[in-house]
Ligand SMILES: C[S@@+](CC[C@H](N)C(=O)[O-])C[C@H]1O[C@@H](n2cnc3c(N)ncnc32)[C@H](O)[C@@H]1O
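Below sits a lone chain in C-alpha cells, taken as the form predicted on its own.
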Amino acid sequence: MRQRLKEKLSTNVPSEMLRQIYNSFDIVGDIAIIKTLSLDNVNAEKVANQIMAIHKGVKTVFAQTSPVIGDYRVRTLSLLGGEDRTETRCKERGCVFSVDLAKCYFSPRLLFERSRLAGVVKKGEIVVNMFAGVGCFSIIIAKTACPTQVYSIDINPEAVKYMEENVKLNRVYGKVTPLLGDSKEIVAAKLRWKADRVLMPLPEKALEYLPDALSALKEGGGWIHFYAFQHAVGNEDPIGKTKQKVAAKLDSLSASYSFGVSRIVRSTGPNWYQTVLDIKVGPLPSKF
C-alpha cells in the first residue's frame, strides 16, 4: 500500500518532494494521516487527492507535523486536502470508536494488541486500564471477554469525553467505568487491591507508574501488561533490555513475578521498538 502510494505520486509530484514523505501513513475511519517533512500547497493537494483516489473511503488527509507529546498524548495535524475536520469514527473487532485525532491519542497499529489482550482476560476478572485514551482496550475487552468490571482511566478530559460516548455506542454500560484523572491518584484513592489484571499501554510512563500498578492488584497478585519504548542496536535484544529494567524495578519493590508473553509490538523508528511484557505477579508484600 505504501509503495503503491509513492509509485502513484511519482508521476505528478517532483522527486525532491516525494522524498519529504515518510514511508508510513495511518487510516482511522475516513481520515488518513501521513508523516512528512514539508510540502508546498500544490503538492500537498496532489498527495491528498492521490490518497483519496486509492482509498475511496478516505474523506480527509492530514500531515502529522509534531510527535505525540505531553500528558494528553496529542499531535499537531495540518490539513492537506479534503474535509477540514479531525473527528471520525472507526470500527474494530465489532466495536465502534468515536475520536478526535487532534485532541486524543489513537493508534490503529495497536489493533493486534487490543485483540490479544481481550483474548487473555478471564471470565469474572476485574481489569484496571491505567492509560485508557478513548477506551479502545477497555471496550474491546468488555465486549469480547467476560470481565466483571473494567476501570478505564485517562488524564485527558477530551479522551474521557469520547470514552464515555464510546461506552454508549458499544453498550457496555456498567462494565466499563470511565474515570478522569491521574491513574496514580485514582488507584490510591479508589482502586487499591481491586484488580486481577492491570493494563499499562503508555510506554513513556509505564516504568514510573509500575508501583501503582502493583498496588491496584489484589493481594494475591495478578497480571500486569507493561508497554515500553526500547532502544536497541546491533545484536541487542529489545525484549531482553525491557525485561532487565522492569526486573530491576520489581526487585526494588520486593515483588515476586515471572514473565509470560514478551514481544515486539512494532518498530517506532531507527533502532527503536515498542515492546510488551505480560508479567505474572505473585502475592504482594504487606506494604502494598
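A residue's number is simply how far along the shown sequence it sits, counting from 1. The shown structure was predicted, so the numbers you read here are calculated from the model rather than taken from an experiment.
This protein has a second form, the form predicted in complex with this ligand, left out of what is shown; the following refers to that one.
Residues of just one listed stretch (201-209, 120-128, 76-84, 169-177) have heavy atoms within 4.5 Å of this ligand in the predicted bound form: 201-209. Shown here without its partner, the chain carries 34, 51 and 55, none of which come within 4.5 Å of this ligand in the predicted bound form through any heavy atom. Among residues of the shown chain, residue 137 is one whose heavy atoms approach this ligand to within 4.5 Å in the predicted bound form. This ligand is not drawn, but in the predicted bound form it has a heavy atom within 4.5 Å of residue 132. In the predicted bound form, residue 114 approaches this ligand with a heavy atom inside 4.5 Å.
A residue is said to contact a partner when one of its heavy atoms sits within 4.5 Å of a partner heavy atom; residue 187 fails this definition for this ligand in the predicted bound form, lying far away. Only one of 101, 142, 217, 155 lies close to this ligand in the predicted bound form, with a heavy atom inside 4.5 Å, and it is 155. In sequence order, 71, 72, 73 are the residues of 52-76 having a heavy atom within 4.5 Å of this ligand in the predicted bound form; the partner itself is omitted from this view.
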